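This document starts with one chain, in the form predicted on its own, laid out as structure tokens.
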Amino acid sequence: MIDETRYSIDELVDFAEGSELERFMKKFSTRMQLYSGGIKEIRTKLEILDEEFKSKFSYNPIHNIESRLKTVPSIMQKIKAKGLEVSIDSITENITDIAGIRVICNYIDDIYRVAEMLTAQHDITVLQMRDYIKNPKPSGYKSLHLIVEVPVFLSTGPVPMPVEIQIRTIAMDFWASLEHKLKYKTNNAVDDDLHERLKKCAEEISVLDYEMQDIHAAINLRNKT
């Protein structure tokens, strides 16, 4: 009999109708519910912060919030690609982007403002921060990535859960969304010429981002005088 908390991909297939898999999936389902709770906790915090900012400064730094929970096939594929065992502990310890939130801001300054307000909260623990705005990926991709831990409160007490947060501007999101779709259509195989054109687009969008931010700042300054 297989240990119900430790499966390889092949074992999962072989025991697709077995009681061991049923128990594993029940535990996995409970864990996924916790990830869903983590998304709700972070989303609520962001919405409250945005409303507070609006109340104080008559301005919303957040344009839109999107969230997603990684699918089971996607999680299994990632575990297999990493060469890890398929277990609840392995998934919990090695896959940190199961719960994901994307925050779309109006301007670059808003990205850092929102990140600072969120991470300043006492029950938020920052596990990782990657600034792809100051240090873009070779493709031209820009975004601020955070992995934070937030408590999800159950009847038995709080359970800390990791949530990946991507914060970017409208312009950055426009580029990233289209670039992702183009790569998907070409099976991630984009030739050098198209790669350079995409990177140039990212650079031009970045210039536009900063220009729009400067215009916004200038308008605010005039309104204060």
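Each residue number is its position in the shown sequence, starting from 1. Small disclaimer: the values here were computed from a predicted structure and weren't measured.
Keep in mind that the form predicted in complex with a small molecule is missing from the display, and what follows is about it.
Enquirer: Just one of 62 to 70, 196 to 204, 152 to 160, 24 to 32 has heavy atoms within 4.5 Å of the small molecule in the predicted complex; which?
Expert: Looking at the partner contacts, the answer comes out as 62 to 70.
Enquirer: Would you classify Lys80 as touching the small molecule in the predicted complex, given a 4.5 Å non-hydrogen atom cut-off?
Expert: No - in the predicted complex, heavy atoms of Lys80 and the small molecule never come within 4.5 Å of each other.
Enquirer: Even though the small molecule is not shown here, does Thr92 get within 4.5 Å of it in the predicted complex, heavy atoms only?
Expert: Thr92: no contact with the small molecule in the predicted complex.
Enquirer: Would Glu164 count as touching the small molecule in the predicted complex under a 4.5 Å heavy atom rule?
Expert: Answer yes; at least one heavy atom of Glu164 falls within 4.5 Å of the small molecule in the predicted complex.
Enquirer: Quick one: does Glu179 come within 4.5 Å of the small molecule in the predicted complex, counting heavy atoms only?
Expert: Yes, Glu179 lies within 4.5 Å of the small molecule in the predicted complex.
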